[in-house]
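Starting off, we have a lone chain in the form predicted alone, written out as structure tokens.
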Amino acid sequence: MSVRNREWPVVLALTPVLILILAPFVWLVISSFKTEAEIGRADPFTWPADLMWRNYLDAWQIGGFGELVGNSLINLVGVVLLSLITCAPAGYALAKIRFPGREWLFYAFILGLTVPVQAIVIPLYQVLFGLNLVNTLAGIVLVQVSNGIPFGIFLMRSFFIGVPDDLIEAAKIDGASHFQILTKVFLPISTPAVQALVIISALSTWNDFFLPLIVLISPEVQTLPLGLVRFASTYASDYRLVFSGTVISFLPIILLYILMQRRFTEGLTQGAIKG
């Protein structure tokens, strides 16, 4: 797709910003394939003489990344599924079902966006401790889902509120319940919003460091961000292992975002326009 003449100034202005953002990632990826001697040379962007795939194998085995990736995947799938199960019905109810206090309830959820999780970490830990969920993947899943619910409800409501009420009336004439209307009418036409919610939940969950740091204690249940910090502190002088481990940690979520980028943008923009 060609760039129109009026867009060239924007492209030229953003190109240096893009270079500044991508340069550290390019350097990190290139360095992850180098030997220790090559990493110590003056030019950080020099291409390695041989691609050291062994660096990734060593990092995977020494750092126990198989277990870390497995924990992160379990955490991610749990958070994404529970976010969809809670945010989609809540967004539908707040957008299309009239009941007393609906607007105030919505504002209460929006108020949750203004409260930083650091401000409630002590009572949050006490609740998890009382439920015996500290140091468990179930505990971190519930915490991250609850932390993302305000934005998830806001996103789904913004999309649902623009859907014509005529669809609801037609479905009710056919004898459909609200649950059937949501699952068979609203969700199929709300794919961009659902995919946007999936990507946002996946990104925040995969990269989250603070909440797992509070909840997960044992190395056996820790997720990738925690395991990477522990691995990097242990092998701080072995740059090839640290760089390879870092690439392993962010590569899956970047690939997910690249594959679903268009749907992510559509979900946010359509929700903003309809909201």
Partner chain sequence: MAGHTGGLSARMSKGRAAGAALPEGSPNDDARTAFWLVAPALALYAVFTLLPIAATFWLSFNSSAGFNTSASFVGVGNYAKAAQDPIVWKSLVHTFAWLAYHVVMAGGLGLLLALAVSRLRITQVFFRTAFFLPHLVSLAVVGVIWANIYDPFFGLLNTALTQIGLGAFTQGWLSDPALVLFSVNVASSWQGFGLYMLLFIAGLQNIDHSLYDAAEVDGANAFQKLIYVTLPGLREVMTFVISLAMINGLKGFATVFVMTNGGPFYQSELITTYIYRLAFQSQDHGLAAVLCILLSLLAIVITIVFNRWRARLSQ
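Positions refer to the first chain, counted from 1. The model shown is predicted, which means the values in this text are computed figures rather than measured ones.
Although not depicted, the form predicted together with the partner chain is the subject of the following passage.
Visitor: For this chain shown on its own, do Leu68, Leu137 and Gln195 all sit within 4.5 Å of the partner chain in the predicted bound form, going by heavy atoms?
Guide: No, the whole trio is out of contact, none within 4.5 Å by any heavy atom.
Visitor: Is Leu76 close to the partner chain in the predicted bound form, meaning a heavy atom pair under 4.5 Å apart or at it?
Guide: Close contact is absent here: in the predicted bound form, Leu76 is far from the partner chain, nothing within 4.5 Å, heavy atoms only.
Visitor: With the partner left out here, check for me: in the predicted bound form, does some heavy atom of Asn207 sit within 4.5 Å of the partner chain?
Guide: Yes, Asn207 lies within 4.5 Å of the partner chain in the predicted bound form.
Visitor: I'd like to know if Ser249 sits close to the partner chain in the predicted bound form, meaning any non-hydrogen atom pair within 4.5 angstroms.
Guide: Yes, contact at 4.5 Å.
Visitor: Do Trp27 and the partner chain share at least one heavy atom pair within 4.5 Å in the predicted bound form?
Guide: Residue-level check for Trp27: yes, a contact with the partner chain.
Visitor: Which residue, Leu131, Leu81, Leu187, Ile161, has a heavy atom that falls within 4.5 Å of the partner chain in the predicted bound form?
Guide: Contact with the partner chain in the predicted bound form is made by Leu131 alone.
Visitor: Given a 4.5 Å distance limit between heavy atoms, list every residue of 229-249 close to the partner chain in the predicted bound form, or none if there are none.
Guide: Going through 229-249 in order - heavy atoms within 4.5 Å of the partner chain in the predicted bound form - the hits are Val229, Ala232, Tyr239, Val242, Phe243, Thr246, Ser249.
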